[in-house]
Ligand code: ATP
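A single chain, nothing else alongside it, follows as structure tokens in the form predicted alone.
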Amino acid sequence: MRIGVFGGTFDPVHLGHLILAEQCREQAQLDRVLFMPAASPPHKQEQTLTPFAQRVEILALALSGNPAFQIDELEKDRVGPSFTVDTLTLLTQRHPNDNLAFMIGSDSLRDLPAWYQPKRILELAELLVMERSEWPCACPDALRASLGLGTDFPLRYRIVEAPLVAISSRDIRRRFKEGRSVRYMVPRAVEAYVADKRLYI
């Protein structure tokens, strides 16, 4: 099987996430997309996150009805920062006969050389690069150069074309706090859940 790995805080998940995941599933011919909420992302150590269990509940509401989209709570009980290389290593052990494809935005791709063990990440998974507004996708040769990879390194890299939907979880949290509309930015069930639990206010 071909399994897409979509990590993030998903605080909250929004329609931009879902559109990108569906385009990755279709264009990369994925059998399954695993949404993997991070417990403690290294780049957000100073940010207070909504409790993991509630972010999972929000994800479950958003993914309902799409059997190809699943939640993996692998990082729930992890101690310390949630490094991508550790997650991919554990997934490889769980799915030794499957091919992993790691979904990454073009903005994050530029930071990849500074990630923990970036070369190992590329050994473990194909990259599915999703273009972000104002962040054009780096070409494979530029990525090789930034990571010091030789031409013999088997870089698996695919650009996924998708609508550039400028929605962010940060903006959605702010809108909830200010009592503004988030209609058509998040699934209706997510909107109702957040309002009921009085999150982000």
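Residue numbers run from 1 along the displayed sequence. In this text the structure is predicted, and so the values were computed from the model without any measurement.
The protein also exists as the form predicted together with the named molecule; that form is not presented, and the subsequent description refers to it.
At the 4.5 Å threshold, heavy atoms of residue 50 stay clear of the named molecule in the predicted bound form, well away from it.
Using a 4.5 angstroms threshold between heavy atoms, residue 187 stays clear of the named molecule in the predicted bound form. Residue contact check for residue 100: none of its heavy atoms lie within 4.5 Å of the named molecule in the predicted bound form. In the predicted bound form, the named molecule sits within 4.5 Å of a heavy atom of residue 107. Only one of 22-30, 60-68, 152-160, 168-176 places residue heavy atoms within 4.5 angstroms of the named molecule in the predicted bound form, namely 168-176. Contacts between stretch 175-190 and the named molecule, counted in the predicted bound form as any heavy atom lying within 4.5 Å, involve no residue at all.
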